[in-house]
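Only one chain is included here, represented as structure tokens and corresponding to the form predicted alone.
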Amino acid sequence: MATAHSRAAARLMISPAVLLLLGWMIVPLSMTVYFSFLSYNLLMPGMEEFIGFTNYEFFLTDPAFFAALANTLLLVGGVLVITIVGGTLLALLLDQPFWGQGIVRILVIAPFFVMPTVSALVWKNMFMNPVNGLFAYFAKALGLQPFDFLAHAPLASIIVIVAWQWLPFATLILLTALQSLDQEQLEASEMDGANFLNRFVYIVLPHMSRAITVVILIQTIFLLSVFAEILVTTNGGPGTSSTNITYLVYAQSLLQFDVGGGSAGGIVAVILANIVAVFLMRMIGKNLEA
């Protein structure tokens, strides 16, 4: 009886937070769904009319949508490859005892706490600027022509910027998994004649597989909505070469003032993100059961 009263009290106490969270999510989502069925342009107030699925049809058949979808997949895939490979290498390095290990770990993790807008501005103006950037300075010192990264390789440049931000996160998670590895198992394999590569492939990597799966899940959810780096550096250009779905929805809604079309794009983006999340959750479930 006391347990039932405790559960009822707990539910009563937590209900305001749950209701606030549901309202915070459901109200904007419901409004977005409502607007997606309207012909609603901010330049023509009072001219809204119901047009059904026309906004979805226009958005899904727009060539810019397929370019944005491809860019989104390339962005997510490129960042995941860089962060997982780089995070694994950094974790292996930081797991070794050396002087100043604590300071080096802090410096490696520091980029994760830099705001996306600030990091994008730093990369754009201090590193990738073709006139005064650091990369241009090194190119001139070597007698080479400076390369305009954001103009000629915009998507690759954004992948590098975003990967630089997320590399500390992957390193931290993978380092934590690496430090939980049984050292006696490694020592026994070394005594049996296994070299470093064999120990890494058959012992270290399988032990880190769950942590790698968690990194993939968390990063993918956030990388699907990358926006600030694109807005600050390339504005989705040249053309649509660096436009992802998030930026396409922004451009449709706030640059072209088409709230209806942008809302339809937002709903499409939410559906795609949920499909990816469900797929990754099932992959994690299978990995944890193994």
Partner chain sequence: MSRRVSNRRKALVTVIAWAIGIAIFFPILWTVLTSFKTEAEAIASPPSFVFFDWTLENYTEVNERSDYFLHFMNSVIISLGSTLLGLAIAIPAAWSMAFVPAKRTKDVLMWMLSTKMLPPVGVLIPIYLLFRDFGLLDTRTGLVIVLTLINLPIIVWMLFTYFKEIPGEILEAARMDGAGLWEEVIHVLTPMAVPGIASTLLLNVILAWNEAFWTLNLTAAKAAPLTAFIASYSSPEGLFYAKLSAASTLAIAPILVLGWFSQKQLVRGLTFGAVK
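Please read all numbers here as calculations on a predicted model, not as lab measurements. Numbering follows the first chain given and starts at 1.
Just so you know, the form predicted together with its partner chain exists too; it's not on screen, but the next bit is about it.
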Contact residue in the predicted bound form, chosen from 221, 60, 70, 47 - any heavy atom within 4.5 Å of its partner chain
221
Report the residue, out of 197, 191, 103, 142, that has at least one non-hydrogen atom within 4.5 angstroms of its partner chain in the predicted bound form.
103
Look up in the predicted bound form whether residue 137 has a non-hydrogen atom within 4.5 angstroms of its partner chain, and give yes or no.
yes
Quick check on residue 254: any heavy atom within 4.5 Å of its partner chain in the predicted bound form?
yes
Can you tell me if residue 35 lies within 4.5 angstroms of its partner chain in the predicted bound form, counting non-hydrogen atoms only?
yes
Taking any heavy atom pair closer than or equal to 4.5 Å as contact, tell me whether residue 51 reaches its partner chain in the predicted bound form.
no
For a quick check, can you give me the residues of 124-138 that have a heavy atom within 4.5 Å of its partner chain in the predicted bound form?
124, 125, 126, 127, 129, 132, 134, 137
